[in-house]
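Quick setup: the C-alpha cells below cover two forms of a single protein chain, split into structure 1 and structure 2.
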Structure 1
C-alpha cells in the first residue's frame, strides 16, 4: 500500500494564505483558546529517509518471537476457516481502500455492483427476498432486527431464546434499555438443547412484538425451524432468526424456507480472518413487504433511457440518519470492505463448493464428538449439531488447563456464559483442524 505525500513549498504556502486572506499559518489557530494551545514542539525523533524507515521496521520485526502453532477448537461466534489468497488480493486493491458509502453512482459503479452482488448472495443464503448492504456485525444486526420488528408491530415484549449467543443478548439489551420494552428469555429443553416450545408458547403475550431464535444456537444445537414456526402459530409477532456460523447455511435449510420474517447473523466465517475480535460483517435480510422498515443501505439496479444498466443506492436517503428518533435507523455506515471479502469468497466457492465445505465441517465435528464419547466424555444435549457441540466431563476445567499448556485450546468453557454448565466445554471443528490434530486432542484429553 502506498500513501501519497503532497508537500507544500514556502511559496505554495504564501500563495494559499493570500487567497484566504491571512498573514501566517499561526493565524489560522486564533479561534483556539490560548490556554489550550501547544507552546512547545512535540518530542518527536528527527525525520528519517524512506530507507531508514524500512530498516527500522525490519529491525523491529526481527524482535518478534513466533510461538509454536496452537491447535484451536474454539468457535462460539468467531470461526477459523481457510481463506483463499484471491480474497485478500481483491480486497487489497487500492480502489477499495476507502470503501465508504458510494453516494455518487457515476463514480462508484464497481463498489455498488460489489454490494449488489453481496445482497444477492445473502438472499440466496438466508432464503429471503431482500438484504441490506451489511451491518457492523452479527450482534448489532440482531439488535437492529429487534428495533425493526418494533417498527413493524407495536408492542412492549420480546421473547429471546436463552440459547441465543449471550453477547448478542447483551447488545440487544443495550439497544433497548431506553425503550419501554421487556425482554424475556425462553429456556432450552434439558435433553436436546433446542428451545423449549412449550415454554415459548406459554410466554407469548398479546403485546409480544418479536420472537428471536438462533440456529445453530450458542450450544451448537440446530433448531427445528418447522417446529418453531408451528409453535408460534398465527401469533402476529415478528419472527427473527439468527445465526453466528454462516457456513451452516451451506448445509442446512435456510430460515426463509420456514416463513421467518427477518434473518440476521454474522458473516465472518465467509472469508474474514479471526484476529483479535475482528473484522466482522453483519448480514440482514427480510421479506419484500418489510423493505421500507429495513435499516442501513440498499443497492438496486436502474436502467437509463438507452437500456444501459447501472447500480444505485435506493431507499436510503442520506438525510434520514440525522433525523434522530424519526429516522428509520441511526446506522450511518456499513462494512463494505468486509462485505466485499464475503462476496469474493462466496463467488469463488459457489453453491457446490460451499456445501462440500460445510459437509466437511460437519463430518469432522461429529467424528471428534464420537471419539470423545468413546473416551468417557458425555454429550449432554442430544439435539443435532453442525460443527460445534457441547461435551461434559467431571474434570473438564482441569483438562482444559492441561490441554492449554500443551498448545491445545479445547473449546470454550461454558461457565462464563451459563454458570450451571461448569463441567461443559463448547468445542468447534472446522476444515482447519486436520485429522491428526483431532487425534492429538483426544489423546491428550485422555491422558489427564
Structure 2
C-alpha cells in the first residue's frame, strides 16, 4: 500500500534501484549495523486516513475549555488579542510558510524584505537603533540579552527586578547557571509595585555588568523609566529593559527614549494567538554601537548587479555557522513566520490603530479595577498600570475557585509566583473581554 505523502509507485522504485545498482531498498541501509536494525514494527498506532486523524484531534479538542466558552482574564505573559483576517491570510501563503531561511537572496526577497520591515518596526516600537530578525520568545530574548551584556561589560553580577516575569527569570537562571555570574533580585516598592530604587542603588556593585527591569512588570505596573534611569546614574552596567505585553508600547514611551542599551520582550500580542504558549516571538533591539554583540539573524540592504535594491542576511560572521564556539549565540533560526505575522499586524494597525487599541485595553482594565474596588476588592499596588493589575481579597482563593466553576477564569492567582501574595489575583483585560463579560465577572465576584 502506498502513502499519500510519498510519490513513488512500485515501478518508479524498481527503476531507481536499477540506476543505483542495488536490488532492494534494504541494501541501501547496509551501513547501519545489522544488530540495531529493527526487526519488528514500532509500537505506534496504525496509519490513519485524513478523516481518522481529524476525528482523533476533534476528541482532544473537545477536552479543552477555552474562550469564548470560558471568560478568561488571564494574561501574565500571553495575551488574547484580536487577530485581523489578513494576518492569517498572509502567513498561510505557501511562499512564506513553505520556504526556509533566505540563504539565496535572489530567490528569497519576499522573506528578506518582510524581515527588514519587521526589524524597522521593532526599532520604532522600542525606540532603539537596530533590531534583529527575532528570537524564540521573550524569555530567551532576555537570557540572550544578559549574555550579550556580558560581552559588552566585564563583571560577575547582574541585578534583576523581582517583578520581571518569573518564567523569564527562570530562563535567565538556566542560561547563566554555568557561568561565573551571580544574579541578585531587586524587590518592588510595597506601595507602588514599581522597582525599589533605593534597593536598586544599594545593590549596584563595581562588578555589576547588567541591570534588568520590566515594564509593565509582572504585577502589571508601569515602571517610571525616567526614575530608573536616574537611579542608575552613570554606573556602567548595561541597562536592559524588558516587556511581555508589546501592545503597551503603542501607549507608553519606549525604553529607548530613556537611554536603555538593550530592549527585549515578547511580541505575541501583535498578531499571534496564545496557542498554549507557543510559538510566540522574541523581540530584541539595541544601539548600533553594539550591533556586533547582538545574537541572531540580521537582514540588511544590498544592491544587485543591476543596482536594484534588495535585502540580504548580513553580518553573519557573528553567527554559529561561521564562528562556531566563539559565536554570539548558538541560535540558528529565528521565528520568521511569527515575525511576519507581527509585521502584517502592525502594517494594518499603523500608529493610530495601535494607539487606539492600546488605549481601549487600558480603559477597559481601569474600568474593571474601579468596579472591583467599589465591590470591596483592594488594589495593593498603586503605581500606574496598562491592561493588567493586581487585586486583593481575603477570600480571593475561594472566590477564584467559585468563579472557575462558573466558567470565569478570574486572572492568575499570584501565589504561584510570589508565595506571600496569597490573596492576590493578576487580572488582565483586553479588547477580547467585552463589557458584558466584565460586568459578569464583577457581579459574580461580589456575590460571594
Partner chain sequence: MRDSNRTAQHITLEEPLLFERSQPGRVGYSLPPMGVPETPVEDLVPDHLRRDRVEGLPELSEFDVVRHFNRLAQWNYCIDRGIYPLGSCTMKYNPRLNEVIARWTAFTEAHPYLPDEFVQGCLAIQWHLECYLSEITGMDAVTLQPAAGAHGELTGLLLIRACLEDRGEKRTRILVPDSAHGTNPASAALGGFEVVHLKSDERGLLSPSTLRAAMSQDVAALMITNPNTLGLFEEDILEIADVLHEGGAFLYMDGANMNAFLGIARPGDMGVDVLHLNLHKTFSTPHGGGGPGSGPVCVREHLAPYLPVPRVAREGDRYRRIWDSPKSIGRVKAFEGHFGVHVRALAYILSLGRDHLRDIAVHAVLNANYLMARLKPYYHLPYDRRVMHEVVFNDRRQNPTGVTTMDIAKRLIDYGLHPPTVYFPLIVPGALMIEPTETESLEELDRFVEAMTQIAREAAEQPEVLRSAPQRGAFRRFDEVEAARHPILRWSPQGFPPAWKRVSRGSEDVPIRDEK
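Positions refer to the first chain, counted from 1. The term rigid core refers to the maximal set of C-alpha atoms that superpose within 1.5 Å between the two forms. Here the structure is a predicted model, which means the values were calculated and not measured.
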* Asked: Between 1 and 2, where do we have the form predicted in complex with its partner chain?
  -> 2
* **Did residue 12 shift 2 Å or more between the two structures, C-alpha, core superposed** => yes
* Would you tell me if residue 56 moves between the two structures by 2 Å or more at its C-alpha, with the rigid core held superposed? => yes
* State yes or no: after fitting on the rigid core, is the Cα displacement of residue 436 between the two structures at least 2 Å? => no
* Would you mind giving the Cα movement of residue 45 between the two structures in Å, after fitting on the rigid core? => 8.6
* **Distance moved by the residue 305 C-alpha between the two structures (core-aligned, Å)** => 5.4
